[in-house]
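Just the one chain here, the form predicted on its own, laid out as structure tokens.
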């Protein structure tokens, strides 16, 4: 997992819960990295799993809710780091339907060894989108947070439903409907 995911997560934890919480979740984890991350490094997913689980245990906020919050936060990072890429899209559904064939292609140019989830578009119309998320990391709630922020960015209202195809969340179908 790319280091930017770790550095931004720890920045979010510090801003929401304080530096003491960052220290607490790192020291209570058995991290391959020892708890030191750079944005350009590559680290084990097990480190992220431990950090977010320990944050959940210390805040009584579910892992899913923390991933949702983190996904919403991470969109702001993408927005400030890659404004030109976002400017290529006129709306949320256009952006979401291009994740696999455009955005992930661009991400791989920057991070060739990135292990990204896949998104299969099942159907798309002017006001709806159905897609399937696949990832062994089962971070669909992070994806949901990114989606919610995408709609906020484009000042569009939406109804986003999801259904786990695999119980562990490694395969999830998202149904997105634009609202008037």
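Residue numbers count along the first chain shown, from 1. Keep in mind the model is a prediction, meaning the values are calculated, not measured.
There is another form of this protein, the form predicted together with a small molecule, and it is not shown here; the text below is about that form.
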statement: Residue within 4.5 Å of the small molecule in the model of the complex by heavy atom, from 129, 66, 146, 26, is 146
- request: Classify residue 55 as contacting or not contacting the small molecule in the model of the complex by the rule of any non-hydrogen atom within 4.5 angstroms, answering yes or no.
  value: no
query: Taking heavy atoms only, is residue 121 within 4.5 angstroms of the small molecule in the model of the complex?
result: no
message: Quick check on residue 103: any heavy atom within 4.5 Å of the small molecule in the model of the complex?
response: yes
task: Determine whether any heavy atom of residue 70 comes within 4.5 Å of a heavy atom of the small molecule in the model of the complex, and answer yes or no.
output: no
field: Stretch from 57-65, 135-143, 121-129, 28-36 whose residues place a heavy atom within 4.5 Å of the small molecule in the model of the complex
entry: 135-143
message: Whether 2, 5 and 99 jointly form a contact site for the small molecule in the model of the complex is the question; each needs a heavy atom within 4.5 Å.
response: yes
